[in-house]
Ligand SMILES: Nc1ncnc2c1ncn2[C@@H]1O[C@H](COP(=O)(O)OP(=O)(O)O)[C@@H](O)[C@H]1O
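The chain below stands alone and is given as structure tokens, in the form predicted alone.
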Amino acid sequence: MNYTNLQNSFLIDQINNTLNEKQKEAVLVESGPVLVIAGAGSGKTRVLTYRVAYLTGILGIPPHRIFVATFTNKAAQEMKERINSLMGTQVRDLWIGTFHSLCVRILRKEIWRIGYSQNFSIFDRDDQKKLIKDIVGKGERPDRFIHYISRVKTYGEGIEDRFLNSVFEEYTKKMKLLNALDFDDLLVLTLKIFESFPDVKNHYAERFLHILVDEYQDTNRLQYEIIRHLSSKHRNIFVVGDDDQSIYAFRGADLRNILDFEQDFPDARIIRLEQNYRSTKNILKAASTVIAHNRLRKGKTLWTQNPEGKKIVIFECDTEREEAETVAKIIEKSGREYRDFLILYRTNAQSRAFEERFHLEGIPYQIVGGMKFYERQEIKDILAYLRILVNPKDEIALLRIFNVPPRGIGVKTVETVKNYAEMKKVSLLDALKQMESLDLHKSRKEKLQNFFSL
């Protein structure tokens, strides 16, 4: 028996011995549209992982012909590690990541068709705010405009407001000049290319034999349209989600994507994962009773072989201070270690009452979350240098690094460069190339020259 046969034999044994019957049914579907309704704690990640392993290891589908969309980059990385572990080897060339990251891969190859360079920059919210402030001035709140711009792009829903629409048009024009895309653009422009260039859409639809989507209940209209195009040739679309866990409507998630799956694919196979491995019977019963009041849902009956567990206790408090005091007393009277407790709250602002009480009682605590790695100032500074190297038109990145680290280039000097660039209708970088024409003192020009020579 050769290595491949041994590997396949191991994989089949894993499928038979590790998965329950419903999980196995989902993993072993060979083709066609499939909706897996996966209740909380029912092993949906395991199903997706084994599904990819089955497609590549048993059915022999080349990894580069499989498209797997996840909700977060972390989920994609964890899934890749699980697949590699299950396969006993590094699975290369698999298209796996968030919709945005997968769309970036497509746009790096195809965006030239709609007038952008392939070395485009990707603006985060902070970059967007700076550009909006540059357009409307500092007296306006950028978030208002960013929300409106996103809504117009995602839903095509504008309003008859001359000022808002003029900002939208100016923002769109400047983004094109900067050769930059925001996160909405990554989806919008991918869809635009698919719809404007049928040969490109057909190329990717032919390429991907199997499309797999995690957290399908949290997809938006644009993501749904991209999936529809990609699956138009082979129709092997395998989506996993739970209508009861749809919590991202404020980000544009459209619950109809999962509720209407059978209308979009009349021959779809529906598989329900209802065995819960995570919770006790009491927790599951309470959660199921609450969610049963939802009107828009597919419906399922979650069950578990786990023990009954302790009954859920509810304390009703009149104020947030009373709530924090009650929680502190529960912790102190429990006799358990502090690290055994977890406090969840709806918004970050609610932590204050708990923090004040814990300081008073001498209870040590740690706030989990905080600033993300790529949102840290020093990381943004380093990335700005890299961005300007890749995309010299990225003026938001250039403006960020003029005086980082401090090199004596002040706000007035930068304003002089910006004004000259606007007057001559050239980029900031081109304005620096014409430094002798700038109305600046010799010492300031020398500092700009030192920066430019970097």
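The model shown is predicted, which means the values in this text are computed figures rather than measured ones. All residue numbers refer to positions in the sequence shown, first residue = 1.
The same protein has a further form, the form predicted in complex with this ligand, not shown here; the description that follows concerns it.
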item	value
is_contact(residue 11, this ligand) in the predicted complex, heavy atom dist at most 4.5 Å	no
Partner proximity in the predicted complex: residue 400 to this ligand, non-hydrogen atom cutoff 4.5 Å	no
Contact flag, residue 41 vs this ligand in the predicted complex, heavy atom cut 4.5 Å	yes
This ligand contact at residue 19 in the predicted complex, heavy atom, 4.5 Å	yes
Residue among 130, 105, 228, 278 with a heavy atom within 4.5 Å of this ligand in the predicted complex	278
31, 45, 427, 419 - the one with a heavy atom within 4.5 Å of this ligand in the predicted complex	45
In the predicted complex, segment of 409-417, 387-395, 33-41, 56-64 with a heavy atom within 4.5 Å of this ligand	33-41
